[in-house]
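Okay, here we've got a single chain as structure tokens, the form predicted alone, with questions on binding and movement later.
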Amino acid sequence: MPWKTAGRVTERYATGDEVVRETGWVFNNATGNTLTLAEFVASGDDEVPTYLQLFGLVGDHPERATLVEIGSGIGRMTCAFTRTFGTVVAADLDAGFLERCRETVARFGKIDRLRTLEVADGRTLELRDDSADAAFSYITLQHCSDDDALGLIAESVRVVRPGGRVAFNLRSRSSADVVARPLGAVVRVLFQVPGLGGWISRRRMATRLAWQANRVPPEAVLALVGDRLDDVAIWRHPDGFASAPGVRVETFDGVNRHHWWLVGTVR
């Protein structure tokens, strides 16, 4: 509900700068009159090259390759992806975000390389089998229900060709879950209350609590798609603890301590 609410909010403003300032509670955990879309995109520009290199997502001819981005939002990372890949499919739950994503990429990326895809049911990608060369998802799957997160992962593996790469970001369990997850469940119930739901879904703290929706462990993901992947690795912060039997663990201090990545090659 916060995502759909934010999507409607984006339609009220004339510029991307206004959208970033007014929807910081959903996009970047920041609000303020001085925030700009350029700064928002620049934060993605800083991160994308690192992840592409770290996870081996760029092949010999990226200008001929297609990347599917799960959870593009208004295009924070999408712009950088369009400067690398020949085609970028930006997939998101809300059509309003995808319209803003097109505007953002038109200003800061390569719009002729962009396609958008509305994931209306939150879990299904209307793309052909083996139609992409890579799939990437960052700070999206942790906000889904367990079933939807796993559904999006399975769909991503389905649409990536054999030999293509996938990289999925999820959230680890932590001691704060004892409080955060029950409170998040309460907030999600409150979202459904007429009159109250729309208002509370625009509050930053409520949104952050409500989005503590899953802690899908590596074992669950591997049980679903492990037999369809080779060269599988779990990437985590050096102080992280995500792991799975028989799976290589890599560390990088740029990974959030509470996150982990599953990276692999489609078999």
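The structure displayed is predicted, hence computed values, not measured ones. All residue numbers refer to positions in the sequence shown, first residue = 1.
Keep in mind the form predicted in complex with a small molecule is missing from the figure; the text below concerns it.
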Checklist entry - Looking at the small molecule in the predicted complex, is some heavy atom of each of E155, V166 and L229 within 4.5 Å of it? => result no
Item to check | Heavy atom of F85 within 4.5 Å of the small molecule in the predicted complex | outcome: no
Checklist entry - Taking 4.5 angstroms as the cut-off for heavy atoms, does Y138 touch the small molecule in the predicted complex? => result yes
Next on the checklist: At 4.5 Å between heavy atoms, is T104 in contact with the small molecule in the predicted complex?
Outcome noted: no
Next on the checklist: Under a 4.5 Å heavy atom criterion, is H143 part of the interface with the small molecule in the predicted complex?
Outcome noted: yes
Checklist outcome for this item: Contact with the small molecule in the predicted complex, heavy atom within 4.5 Å, among G71, G184, G151, G96 goes to G71
Checklist entry - Can you pick the one in V119, A80, V89, V159 that has a heavy atom within 4.5 Å of the small molecule in the predicted complex? => result V119
Checklist entry - Which single stretch, out of 106-114, 174-182, 143-151, 193-201, brings residue heavy atoms within 4.5 Å of the small molecule in the predicted complex? => result 143-151
